[in-house]
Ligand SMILES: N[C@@H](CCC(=O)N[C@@H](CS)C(=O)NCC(=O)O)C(=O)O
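In structure tokens, one chain follows: the form predicted on its own.
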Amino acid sequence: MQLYIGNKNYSSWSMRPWLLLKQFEIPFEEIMVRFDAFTPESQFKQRINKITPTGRVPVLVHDELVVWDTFAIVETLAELFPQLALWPRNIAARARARSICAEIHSGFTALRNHCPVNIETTFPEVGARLMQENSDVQTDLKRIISMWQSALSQSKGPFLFGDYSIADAFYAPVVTRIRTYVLPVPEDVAAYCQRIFDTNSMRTWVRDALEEKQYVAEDELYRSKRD
């Protein structure tokens, strides 16, 4: 099994299935396709286009099976490894988990666009400005806080649905955004974020991201290479 991913400092979509595979100790080969640019002639596009028609990461390759899109990848993994309970076992909890994953997969565009994943740095002044001036970012964060608090209160934690699941992997990039932009969250949400950072899978991802030290202009909204 192979997982094609982009830079760990930037690629929120790659983070999700990678964390899931690591957290559940599913053996796989990581294939890094580093970002340089996203134009058709870029090295990234030239390489990844040979693997997937979308020209994007992540991509899961298993025998003759090629799966793109994060949601399709995690659903495929759940089918391949039903004994691992990647989704919650309880049908009601599983339905809620799928619902909130669908919400982050297709929504929260203000938070995603204004607070891109950038693990190696912090932008507290940017976060403060966004929380003052951008009502859409405020709305997205408020909804995520409410969603997490509801899930944690029902499951009694430590993760959104009790044990670690696809839902936690899907929201891990949001956890990094909260830290990078120093976004204000209540104590219970901050504690959940810390538990995600304390998992072995996230520790490894963050360590690798910090070691990359590669500046990609297309992924930098708030700093220049000179910074």
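Just so it is clear, the structure is predicted and the values come from calculations on it, not from any experiment. All residue numbers are counted from 1 along the displayed sequence.
Below: the form predicted in complex with this ligand, not depicted.
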{"item": "The single option of Asp36, Asp69, Asp163, Asp188 touching this ligand in the model of the complex, heavy atom within 4.5 Å", "value": "Asp69"}
{"item": "Candidate stretches 178-186, 48-56, 24-32, 197-205, one within 4.5 Å of this ligand in the model of the complex by heavy atom", "value": "48-56"}
{"item": "Non-hydrogen atom contact Phe159 with this ligand in the model of the complex at 4.5 angstroms", "value": "no"}
{"item": "4.5 angstroms heavy atom contact with this ligand in the model of the complex for Ser11", "value": "yes"}
{"item": "Contact label in the model of the complex: Tyr192 to this ligand, heavy atom within 4.5 Å", "value": "no"}
{"item": "Contact label in the model of the complex: His105 to this ligand, heavy atom within 4.5 Å", "value": "yes"}
